[in-house]
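Okay, so here's just one chain, in structure tokens, the form predicted on its own.
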């Protein structure tokens, strides 16, 4: 039986999505530490580790002075700013590839992004012959949700680490996890893996 080739997809652990950032999620900084700890202990489990970043230049209609926090948001993760950088507690030395998304339009799913060389996330996964994806990051109820939906739609068995996500709202985060599970995702605790 062939060994499953597995990727870890880490979604948007950036300064602007952590405490002190312009669109902060409670627990973001702690999550950065926990994901780094997980990668340190488990990087050998993965054939590929990918991190996505919001990387906005002029995202049409995505920013607003009076945001509704549904379809538009405060200015965040503008390319070249400190807010767009990975949180300092997230050790990106474990990451093989970074996928940038949302330069000129809203992009919630990591699958909407591409590497600096222009390769899409899907093309990268297929080129590296990845069979399954483990998913973690920020925010459970937005970018993690949409990345998970796309992962499943593209046919990847997908596991969401429920102890390695942080969301905007407790209620909508729970709904997002339930949605992903109903679509076929596995929900697991990363630190209970053997």
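Positions refer to the first chain, counted from 1. Everything numeric in this text was worked out from a predicted model, so none of it was measured.
One more form of this protein should be noted, the form predicted together with pyrazine-2-carboxylic acid (VGL), which is absent from this view; the next part is about it.
Quick one: 38, 90 and 165 and pyrazine-2-carboxylic acid (VGL) in the predicted bound form, is every residue within 4.5 Å by at least one heavy atom?
No.
Heavy atoms within 4.5 Å of pyrazine-2-carboxylic acid (VGL) in the predicted bound form: does residue 54 have any?
Residue 54: contacts pyrazine-2-carboxylic acid (VGL) in the predicted bound form.
Would you please decide whether residue 62 lies within 4.5 angstroms of pyrazine-2-carboxylic acid (VGL) in the predicted bound form, comparing each non-hydrogen atom pair?
Heavy-atom contact with pyrazine-2-carboxylic acid (VGL) at 4.5 Å: present for residue 62.
Classify residue 185 as contacting or not contacting pyrazine-2-carboxylic acid (VGL) in the predicted bound form by the rule of any non-hydrogen atom within 4.5 angstroms, answering yes or no.
Heavy-atom contact with pyrazine-2-carboxylic acid (VGL) at 4.5 Å: absent for residue 185.
Should residue 143 be counted as a contact of pyrazine-2-carboxylic acid (VGL) in the predicted bound form, where contact means heavy atoms within 4.5 Å?
Yes - in the predicted bound form, heavy atoms of residue 143 and pyrazine-2-carboxylic acid (VGL) come within 4.5 Å of each other.
Select, from the options 133 to 141, 27 to 35, 40 to 48, 155 to 163, the stretch whose residues sit within 4.5 angstroms of pyrazine-2-carboxylic acid (VGL) in the predicted bound form by heavy atom distance.
Going by heavy atoms within 4.5 Å, the stretch is 133 to 141.
Scan 73, 86, 94, 111 and let me know which has any heavy atom within 4.5 Å of pyrazine-2-carboxylic acid (VGL) in the predicted bound form.
Answer to the contact question: 73.
Between 7 to 29 and pyrazine-2-carboxylic acid (VGL) in the predicted bound form, list the residues on our side with a heavy atom within 4.5 Å.
Heavy-atom contacts within 4.5 Å come from 12, 17, 23.
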